[in-house]
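Let's start with one chain on its own, the form predicted on its own, as structure tokens.
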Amino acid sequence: MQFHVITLFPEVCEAYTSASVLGRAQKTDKGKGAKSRGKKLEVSYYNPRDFTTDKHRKADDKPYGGGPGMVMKAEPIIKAWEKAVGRKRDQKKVKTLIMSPRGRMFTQKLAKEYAKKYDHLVLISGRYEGIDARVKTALKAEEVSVGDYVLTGGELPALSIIDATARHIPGVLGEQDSLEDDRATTGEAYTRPEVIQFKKKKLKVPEVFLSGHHKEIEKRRSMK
């Protein structure tokens, strides 16, 4: 699967997607013979400033109708999108998302759907007072929100969607991690040492986790 991020700050996102699980999934495993494995995903970045025509590389302008702040221009974003996926023959395999607090709420169910249904996921990260509304119309994009709050830009939401969706791409997670894939979290968990000291208090691992009774352990972990 290929992720395409349209953003004014690609370096902000790239530091995250090149590390840990996402970073490994973008590399070819150079094992011998049958053990050699290809990339599981790719993440590419497109800066709208690179698709402007003026010497100042201006990607925003004042809003029609007045109001505070600036609005990101439509043409540089549309050109960036065309560079990313505009020539793909099967546009049904392309999904374009605009990061917006007004959009459809992103969920685990959507993450699974994106991973299964699409080969290309385009994530448009806005800044300032938003994006020219003609981008949504021209690209048949869907607005998506990662929570009922407002951020300074769409980069963090885009990264959240990439991370959550990538987990459902076969081979991205190891076998052991895949067993945890349908859980919201691992739940209550502990590791060594068995006892730690904090402010003259001894904090111990609950006995159930030391008992070896796996059903009771799972029951404890599933408690809210």
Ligand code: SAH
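Start at 1 with the first residue shown and count on from there. On a predicted model such as this, the values are computed, not experimentally measured, just so you know.
The same protein also exists as the form predicted in complex with S-adenosyl-L-homocysteine (SAH); that form is not shown, yet it is the one meant from here on.
Asker: Does S-adenosyl-L-homocysteine (SAH) get within 4.5 angstroms of any non-hydrogen atom of Lys92 in the predicted complex?
Answerer: Contact check for Lys92: no, nothing within 4.5 Å of S-adenosyl-L-homocysteine (SAH) in the predicted complex.
Asker: Can you tell me if Ala133 lies within 4.5 angstroms of S-adenosyl-L-homocysteine (SAH) in the predicted complex, counting non-hydrogen atoms only?
Answerer: No, no contact at 4.5 Å.
Asker: At 4.5 Å between heavy atoms, is Pro157 in contact with S-adenosyl-L-homocysteine (SAH) in the predicted complex?
Answerer: Pro157: contacts S-adenosyl-L-homocysteine (SAH) in the predicted complex.
Asker: Answer with yes or no whether Lys116 is in contact with S-adenosyl-L-homocysteine (SAH) in the predicted complex, where contact means some heavy atom within 4.5 Å.
Answerer: Answer no; every heavy atom of Lys116 is more than 4.5 Å from S-adenosyl-L-homocysteine (SAH) in the predicted complex.
Asker: In terms of non-hydrogen atoms within 4.5 angstroms, which of the given stretches 108 to 116, 93 to 101, 133 to 141, 73 to 81 touches S-adenosyl-L-homocysteine (SAH) in the predicted complex?
Answerer: Within 4.5 Å of the partner lies stretch 93 to 101.
Asker: For this chain shown on its own, do Arg127, Ser145 and Thr152 all sit within 4.5 Å of S-adenosyl-L-homocysteine (SAH) in the predicted complex, going by heavy atoms?
Answerer: Checked in the predicted complex: all three residues contact S-adenosyl-L-homocysteine (SAH).
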